[in-house]
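One protein chain, two forms: both are listed below as structure tokens, the first as structure 1 and the second as structure 2.
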Structure 1
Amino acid sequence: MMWTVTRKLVLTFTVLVILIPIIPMMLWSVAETWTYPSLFPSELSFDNFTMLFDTYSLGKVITDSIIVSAIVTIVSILLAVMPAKFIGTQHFRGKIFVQTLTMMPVMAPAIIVLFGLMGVFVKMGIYKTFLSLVIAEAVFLVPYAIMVLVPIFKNYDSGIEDQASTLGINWLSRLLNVVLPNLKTGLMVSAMYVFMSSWAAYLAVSMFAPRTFNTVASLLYPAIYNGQYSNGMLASLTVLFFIPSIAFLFISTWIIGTDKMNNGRI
């Protein structure tokens, strides 16, 4: 009895702790005026959003953010599929070492690699270009994608692929026509997580993006740091920043649910 009550208390507290901080931000984003200590804004409007789009060309910034995140996602997933398949399906000596080595970019602090990447990009002549930004983000997201894909490959039935191989189909064709369609759901979910991480990345953008290039994250960080925005504008920019993450969460939950219903597995 006491255990059940304690559990209910713990869970209620958790729900409140997670949910309540989100509410003031949502309210601030549509607040025209909201003075302390009122619990609700006295007037509501979408002026904060309109002002952001008019003053900071937010439409272009959002488009640029989507483009860079989409490219980083495609590159990361393409580079991650085969190593993840190898680690997930094969048993070999030193597998743990290989796995740990692959994860190193995730474990190492991003800052040291980003400092060094600057020198690399200068040597390659691509410093502060779109390509340097994509590479800088992909370095950290490929291991992340591998980490997400390995468990999916552990449940992967390689029988059809072996048959295709016996029939003499080359590895690229096997990858495009057998492996990828078979892992559609898992790949979509991991792609969403990679997209979300790229969307939220700030450091790489601040160091390697071309001078006039901005993402929502690179606009939001100085907005919080310098305190130059009003609470309303800061909240509306943050809402625009985290809406894609929440949308992707809904979509991936729905995809996993649908797939479980259809196949009984991911």
Structure 2
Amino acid sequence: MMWTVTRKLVLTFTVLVILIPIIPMMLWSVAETWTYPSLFPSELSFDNFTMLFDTYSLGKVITDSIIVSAIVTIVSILLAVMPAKFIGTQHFRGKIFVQTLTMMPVMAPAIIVLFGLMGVFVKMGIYKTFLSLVIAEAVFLVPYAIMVLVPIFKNYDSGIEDQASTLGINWLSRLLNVVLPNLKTGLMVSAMYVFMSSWAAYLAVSMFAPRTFNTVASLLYPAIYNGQYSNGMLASLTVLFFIPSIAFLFISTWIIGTDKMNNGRI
């Protein structure tokens, strides 16, 4: 009984800590007028959202943000699967060193790594292109994807893959039809982290995105620092910044939960 009460109190406290900063932001985003000492806005309006969409073509910005985050997520996961599989399933000398080496891009200050990439991209002729943006973000997110997937592969049964190989199935088919389906939960957790990190990326976007390319993050962060928007406009932009990440989180959680239920039935 005591343990149940404690759990409820901890859960309630956690929810309050999360919601207390979010509720004022949600209210500011739809507040027409909100003056002291009123506890809630006296008038509600969606004018802040309308102004944002009219001023910055925000529909295109949100679409571009989703596209780049989705591509970076797919690229990062595909590049991370095989290294994570090797590290997670094999036992060899220097394994800790190899794991540490994969994390080197994120151990160094980001600005130093990005300036190094800038010189490479200029020589390759792809600086300030969509390709350079995807590569720059993937450099930082592939190591995190590997870090998430390695523990998943430690519990991976490679026997089913050996059976597929014995039947003459090529490596690509084994990857797509055997390896990836059996790692759906781990892949969704990794994809969720990579997507949210890419969605919130600002430095890589500001340095490598094409000049006419904007993301929600590249609009939000300068707006906060420069103080050029009202509280309502900032709150509205922040709400729009959170919605896709929260939606991806719920979708990922639902897929993971469905996968666990199906495994339980089996």
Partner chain sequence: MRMKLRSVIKIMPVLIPSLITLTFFIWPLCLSIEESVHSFSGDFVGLQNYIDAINDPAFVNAFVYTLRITIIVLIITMISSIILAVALRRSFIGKKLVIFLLQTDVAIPSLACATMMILFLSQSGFLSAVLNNLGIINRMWDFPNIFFKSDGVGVIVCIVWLFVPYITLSLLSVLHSVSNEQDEQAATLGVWKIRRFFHITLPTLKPAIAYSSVLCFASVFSAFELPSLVGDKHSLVTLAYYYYNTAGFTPGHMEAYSIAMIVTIISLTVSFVLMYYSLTREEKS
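Rigid core here is just the name for the largest C-alpha set that superposes within 1.5 Å across the two forms. None of the values given here were measured: they were computed from a predicted structure. Please note that residue numbering is based on structure 1, beginning with 1 at the start of its sequence.
Each structure shows the same chain on its own, and structure 2 is the form predicted on its own.
Superposed on the core, the two forms differ at residue 9, whose C-alpha moves 8.5 Å between the two structures.
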